[in-house]
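Heads up, the chain below is alone and in the form predicted on its own; it's given as structure tokens.
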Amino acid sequence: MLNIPLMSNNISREDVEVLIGFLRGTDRFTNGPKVREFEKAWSEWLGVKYSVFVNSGASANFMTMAGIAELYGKGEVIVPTISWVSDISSVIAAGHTPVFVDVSMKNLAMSEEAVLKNITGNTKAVFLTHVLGLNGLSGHLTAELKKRGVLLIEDVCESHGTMTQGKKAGTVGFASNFSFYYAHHMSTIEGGVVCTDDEDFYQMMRMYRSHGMLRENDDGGYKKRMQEAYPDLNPEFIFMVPGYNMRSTELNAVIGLNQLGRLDGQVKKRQENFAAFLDGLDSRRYYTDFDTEGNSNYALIVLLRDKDPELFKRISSRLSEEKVEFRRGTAGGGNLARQPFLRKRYPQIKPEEYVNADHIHFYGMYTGNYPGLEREKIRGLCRILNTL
């Protein structure tokens, strides 16, 4: 029996000891100096000017889309059919109109051709997901979006350390979102971050993180102007935008600081695992032609080349017998256009029109990949898959 769980414990004993030491020496637990220290360290590792640490990647999504609506107005946002629910729900919640496009099989990300075809005069942004550690961007798409004045937002929640165009994913677009959920490349147990080089957007994100309060903005000139514009309000309680409490804690930041030091090593092991997995798979039956350059694999992708319901059923049954955890449909459960929260709101959507997303939905799955996954288990998984 292979016994491969979907995830392993990403919080080490060292992380726990560091946290215990911090708890013994502080009386500040909510958002404070450790959060700022982590934001600075993360920005330096990633290669951006500003980072805003929040309580989840989903909160980062919500804040980003809300901030775009506040600064640039509401409009259309092009989104993928293979992604995570909060990418789409954040677009809807901010008052934008989601425009769905199919994905490419080579990286499971939005089809470049489909993105460019769907840009209109109402397009505010393209919200691109780097799926399962694969790079979803090209220089051509980046250049075209810039030329057309369309904001690029990168969802890098499950792709820490992925490289694109010689840079880390999350540094190419106007803004990017990461998640530090328990199972991701690095963890703060729960947590996320919004990253950008744009100072106005950064200040907006600081306010959105904490109830929309002006006092969270650290641009002194802006604060002074707003206080003068609203003399009837207590300067400590001026709410500039409709924010919520999306703050994280000092405890989460302490864990993040400790984990960040081993992130590069974790990425390398994930890459090696994925390469061994693809090398061992029968490429006549399984899709192995992924664009793996610069990848930072999150999970091992099992995707049938052809439509074969019986084979997929056998795979699901055998992996369950072997106690190999898996998730059908790959990222986010497959074709999001089939989900009730979208079909109720947009009955005109026809999920089957997104051909690649639908194939992934019915004939794709992923299994766990993490630094501690033994090479022999990867070989054993390939042997089973190849003989079904």
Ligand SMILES: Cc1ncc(COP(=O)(O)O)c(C=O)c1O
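Nothing here was measured: the structure is a model prediction, and the numbers come from that model. Quick note: we count residues from 1 along the sequence shown, nothing fancier.
Keep in mind that the form predicted together with the named molecule is not shown, yet the notes after this line are about it.
Here the chain stands by itself, but in the predicted complex one stretch of 107-115, 232-240, 283-291, 82-90, 82-90, has heavy atoms within 4.5 Å of the named molecule.
At a distance threshold of 4.5 angstroms between non-hydrogen atoms, E158 is in contact with the named molecule in the predicted complex.
Using a 4.5 angstroms threshold between heavy atoms, Y181 counts as touching the named molecule in the predicted complex. Interface membership of G191, defined by any non-hydrogen atom within 4.5 Å of the named molecule in the predicted complex, is confirmed. The closest heavy atom approach of N252 to the named molecule in the predicted complex falls outside 4.5 Å. Contact with the named molecule in the predicted complex, judged by any heavy atom within 4.5 Å, is made by just one of I360, A58, V35, L336: A58. Among the residues N295, N273, S187, T129, the one placing a heavy atom within 4.5 Å of the named molecule in the predicted complex is T129.
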